[in-house]
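Coming up is one lone chain in structure tokens, specifically the form predicted on its own.
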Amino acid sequence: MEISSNGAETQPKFALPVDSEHKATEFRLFSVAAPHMRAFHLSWVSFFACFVSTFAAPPLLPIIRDNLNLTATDIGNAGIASVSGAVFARLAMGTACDLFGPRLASASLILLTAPVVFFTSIASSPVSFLLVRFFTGFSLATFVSTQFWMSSMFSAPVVGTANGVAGGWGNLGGGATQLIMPLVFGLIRDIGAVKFTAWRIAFFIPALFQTLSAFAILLFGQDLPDGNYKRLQKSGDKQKDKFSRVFYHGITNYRGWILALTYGYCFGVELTIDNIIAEYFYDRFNLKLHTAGIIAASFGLANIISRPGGGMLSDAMGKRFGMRGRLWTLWTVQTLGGVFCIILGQVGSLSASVAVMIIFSFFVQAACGLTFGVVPFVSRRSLGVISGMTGGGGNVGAVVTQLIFFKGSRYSKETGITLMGIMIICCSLPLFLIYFPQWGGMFCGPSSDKTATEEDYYMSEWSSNEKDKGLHEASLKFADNSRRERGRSVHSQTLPSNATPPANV
């Protein structure tokens, strides 16, 4: 970002075109320009590091279970623990982002959880193994700061793409760790360490990676296009909001709860698969550890295009059909994901299982990207809380699914996968209930009431007293920039005559 002087005023000059909030209206993947694209790369790399740490154990479970004498129930409990810790952490992270900014919130959590990854190397019992997986899982709450950060840096036309790529590339850690950890383990063992020592040393790699990513955020990151929260609040350019009001407007918005439920059965399913898939292929098809790891990795590695593709599809549908297009596409893709999940549980050959798993991964991960194409529009004032609720819902879905279908030996893994697919289809149905007065819902158009505008929707989060103090101005700008969610034809009819396209400001 450059600073240029224009008469008596000094305004920021950005490398990307921006809107009235200085959010980028273009997404340039291979740029590292500050602050927009730099924030993008810092967010996905740090989230990637946390994903690698959280799921570093599953690809080594055949070794760890022999060393620590883990039963099937112990392994199931540890898998549940790894995703349950982030449920409340994600909600807390959303509130922290609203109040303190995504930079400090994410870096603090990463640094707090990194020591736990180091401690995994000294786990000596089923209980200690469960505890380190539980506390390491807290780091997955950085997903919320990632999505919040992207929603703060990118405007409506590209926010789905930015959220999808950042979240998808971060989720790649779940697939990459299936390759990284067996490779690191093999190298350490070849150097001379016995296998029960090699797996312990291997955990130092993800722990160090996670720590370095946090310092990178603190050194190079920026909360908003115009600067960090603390400096903006000190200068008076950003008002400090009240926790009680931010939290209230978040948890009382029913749209956030529906998205939390549906996200529980796209991202929650992804977390579940990350925990079980390597062991599933290893045991069912009698594969070598490294081979099972490669197959399992293909599921997570699909995120390189599937989740970003979901975000891009959401933006494309939003541009053409408005919010209603985003909602219909989300429901369609997630339902198809459920169908392929059912098929995955039914096929019995190795080649067919791998093929169906890859197809299934594209749909379930694209649904994640599509979800966060909708989330930024649910609330402007409580964006962090809504993001936290939705993200936390993903972890709740993973916990519930693993408790019901993959804990102990009640169901075989293939039966559990089939039943999980049915749950995906059922839990996608509440999307029919989401309705925005200014844009409509899946079956209904926008309200005919003259007060059903973007301004009315986002201003309803502010009291008259707060408006008198000018606290609502950012929401007012956001409302104006979100008019595109009416769809192409409606937006072109209602665009003010003096409207101009975004320019470098």
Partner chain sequence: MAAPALLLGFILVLACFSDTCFAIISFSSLQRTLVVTASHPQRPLKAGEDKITVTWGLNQSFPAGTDSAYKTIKVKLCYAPISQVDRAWRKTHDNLSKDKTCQFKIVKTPYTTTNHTSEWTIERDVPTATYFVRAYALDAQDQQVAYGQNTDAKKTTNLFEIQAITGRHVSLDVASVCFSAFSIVALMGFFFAEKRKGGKAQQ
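Numbering follows the first chain given and starts at 1. Between two forms, the rigid core is defined as the largest C-alpha subset superposing within 1.5 Å. Note that the structure is predicted; figures quoted are calculated from it, not measured.
There is also a form predicted together with the partner chain; it is not shown, and the following applies to it.
Contact with the partner chain, judged by heavy atoms within 4.5 Å in the predicted complex, is confined among 251-259, 217-225, 268-276, 87-95 to 217-225. The shortest heavy atom separation between D283 and the partner chain in the predicted complex is within 4.5 Å. Among residues of the shown chain, I201 is one whose heavy atoms approach the partner chain to within 4.5 Å in the predicted complex.
Within this chain, T332 is remote from the site of the partner chain in the predicted complex, having no heavy atom within 4.5 Å. Although the partner is absent here, F119 sits close enough that one of its heavy atoms falls within 4.5 Å of the partner chain in the predicted complex.
Contact with the partner chain in the predicted complex, judged by any heavy atom within 4.5 Å, is made by just one of L208, A355, I404, I422: L208. Taking M312, M181, A114, A78 one by one, only a single residue has any non-hydrogen atom within 4.5 Å of the partner chain in the predicted complex, and it is A114.
For the partner-free chain shown, R65, D66, N67, N69, L70, T71, A72, T73, I75 of 58-75 come within 4.5 angstroms of the partner chain in the predicted complex, judged by any non-hydrogen atom. With a cut-off of 2 Å and the rigid core superposed, G348 has a Cα displacement that falls short of the cut-off between the shown form and the other one.
Core-superposed comparison between the shown form and the other one: the C-alpha position of A278 differs by less than 2 Å. Once the rigid core is overlaid between the shown form and the other one, P102 counts among the residues whose Cα shifts by 2 Å or more.
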